[in-house]
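Just one chain follows, in the form predicted on its own, and it is written as structure tokens.
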Amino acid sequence: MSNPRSDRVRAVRALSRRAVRVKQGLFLADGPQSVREAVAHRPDVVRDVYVTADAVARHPTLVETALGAGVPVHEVTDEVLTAMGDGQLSVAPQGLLAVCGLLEASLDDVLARQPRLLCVLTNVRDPGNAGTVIRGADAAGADAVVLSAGSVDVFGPKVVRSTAGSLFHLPVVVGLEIEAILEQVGRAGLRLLAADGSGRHVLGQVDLSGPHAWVMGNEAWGLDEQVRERCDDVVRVPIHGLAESLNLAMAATICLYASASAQQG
């Protein structure tokens, strides 16, 4: 494919916009890591893979995996791939782009599997933070990540890229109001632990061996008072140096790894 003005290129480029993603039920994953994880772990949602000739030579196993899973692979020029990205993606130097169906996950299904570790994000607006938390939750062995209504779109290009493929590894539940999330998770028997600088207890003083969910708030203002009060405990990550606070993704990863260590030990 060599025409950057074709209807197909315009249709793919349009998926950079949230309204189009919602209407079409599709999103974009760019770069070798995201595309590799998509075709390896969720080939059922991959509609098409677009790849440059150079990327075919550099990633032959990825292309073979996609074809073996029945995923259509289209060789395109660098110009076409750049046009598909519309400046929103980093595909030009990497040469790989996948069009995927939206990944659907319900909180009911997650809770039916009796999870031991969840991460709940409320009003998280920064794409890089949201994606990095999903990646950290995956690495720590969490059972799912839940983002409340009002949070960033997890299928936006910057979030997808920040997950480094983890979006295709674990359930990510979106769209529910935070009150409903806390009610369902608490009713399922998981302790609700709010991660907040105002915490009564310090991480390391809290029993993390049982099933629980970490509840994380907005990057700027943290958790609303009503959310903190609804949780079973409010926990803070200790600051030993002069830093005023930790980045949301850093704090989330520290908390999740503390939970993983407690539950595996």
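Residue numbers run from 1 along the displayed sequence. Every value quoted in this text rests on a predicted model; they were computed, and no experiment measured them.
Just so it is clear, the following notes concern the form predicted in complex with a further copy of the same chain, a form of the same protein that is not shown.
Would you mind picking the one in 85, 136, 156, 115 that has a heavy atom within 4.5 Å of a further copy of the same chain in the predicted bound form?
Result of the distance check: 136.
Quick one: from 74, 169, 191, 125, grab the residue that has a heavy atom within 4.5 Å of a further copy of the same chain in the predicted bound form.
So the residue touching a further copy of the same chain in the predicted bound form, by this definition, is 169.
Could you tell me which of 33-41, 210-218, 48-56, 66-74 sits within 4.5 Å of a further copy of the same chain in the predicted bound form, going by non-hydrogen atoms?
The contacting stretch is 33-41.
Answer with yes or no whether residue 2 is in contact with a further copy of the same chain in the predicted bound form, where contact means some heavy atom within 4.5 Å.
Contact check for residue 2: no, nothing within 4.5 Å of a further copy of the same chain in the predicted bound form.
With a cut-off of 4.5 Å between heavy atoms, is residue 246 one of the residues that contacts a further copy of the same chain in the predicted bound form?
Taking the distances in the predicted bound form, the answer for residue 246 is yes, it comes within 4.5 Å of a further copy of the same chain.
Hey, in the predicted bound form, does residue 238 get a heavy atom within 4.5 angstroms of a further copy of the same chain?
Yes.
Under a 4.5 Å heavy atom criterion, is residue 141 part of the interface with a further copy of the same chain in the predicted bound form?
Residue 141 belongs to the contact set for a further copy of the same chain.
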